[in-house]
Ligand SMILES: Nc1ncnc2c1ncn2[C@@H]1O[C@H](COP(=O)(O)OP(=O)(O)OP(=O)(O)O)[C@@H](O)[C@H]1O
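Only one chain comes next, encoded as structure tokens, the form predicted alone.
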């Protein structure tokens, strides 16, 4: 097994994403990584994109949807997906309201209401916020994302490409509308100024500008996620059948998307010496078989085993103790 060098990752990367099946300890791992990076002198923002936030529980502190200092060089943020959807739709409402006729406003409101409840609305809004953070991290050296369970995260990571294609379609439609407006301007010189095509050039440019800006930001986010020098995805799993299978599928999907996988953290490994009793001996023997499975399935990935802890990990002191396991020899 090649040992995952977390110190190197924390020192060299500007973006790390930590994910895995729900319940394997990814929030604890992400929190410990962020705390360790801050101790190395890096200015870190730890961001939770999981709707079931547990960063606050890990640090035993109130965080919420704002950057909150957690330790020296470290701040935390729990993104609220519902609030992001509302904020995103309000931005769309303000942009569109300036360029449509009063007759069209009821239609706009109906469309926005439908969008609020549509599948993928939360992922799209989350992508907006994540892209903004990646595009402009401020004075942060390192962003660490504590992601939602694997399936949700994979959908989210596929969105920059999907949204970029969607934006291109909207821009093409906008260009066609602009040309139609030019034709109508020649054919109907006395047209009603309140008609949908009135002021076509100005309206088209005003609608195209935010689309172009958003498209560019999504593409930059995609390039960052695919840049092995800047980014990496760390999977957390346990030596259990379902987390192993889910991680294997996720690694394959990320590789198809050309998103680099930095390595694996195998969490809650039973310590050596456990196994004198019948039950514990059976559990340890089963775990050894599953660890061998992990060794074979992920032979080309660096890995690190993290031992099962005797108590829950929450609060700065407990996270600091746990973080030592991430960089011990």
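What you see is a predicted model; the values in this text were computed from it and never measured. Positions refer to the first chain, counted from 1.
Below, we refer to the form predicted together with the ligand, which is not included among the displayed structures.
Go through 280 to 288, 35 to 43, 263 to 271, 296 to 304 and give me the stretch that gets within 4.5 Å of the ligand in the predicted complex, heavy atoms only.
Careful reading of the contacts points to 263 to 271.
Quick one: does residue 312 come within 4.5 Å of the ligand in the predicted complex, counting heavy atoms only?
Residue 312: contacts the ligand in the predicted complex.
is_contact(residue 21, the ligand) in the predicted complex, heavy atom dist at most 4.5 Å:
So residue 21 counts as contacting the ligand.
Would residue 11 count as touching the ligand in the predicted complex under a 4.5 Å heavy atom rule?
No, residue 11 is distant from the partner.
Looking at the partner-bound form in the predicted complex, is residue 54 within 4.5 Å of the ligand by any heavy atom?
Heavy-atom contact with the ligand at 4.5 Å: present for residue 54.
When you measure heavy atoms, are 81, 84 and 131 every one within 4.5 angstroms of the ligand in the predicted complex?
Negative, none of the three is within 4.5 Å.
With the ligand taken in the predicted complex, which residues across 23 to 55 come within 4.5 angstroms through any non-hydrogen atom?
Counting only heavy atoms within 4.5 Å of the ligand in the predicted complex, the contacting residues of 23 to 55 are 23, 24, 25, 26, 27, 28, 50, 54.
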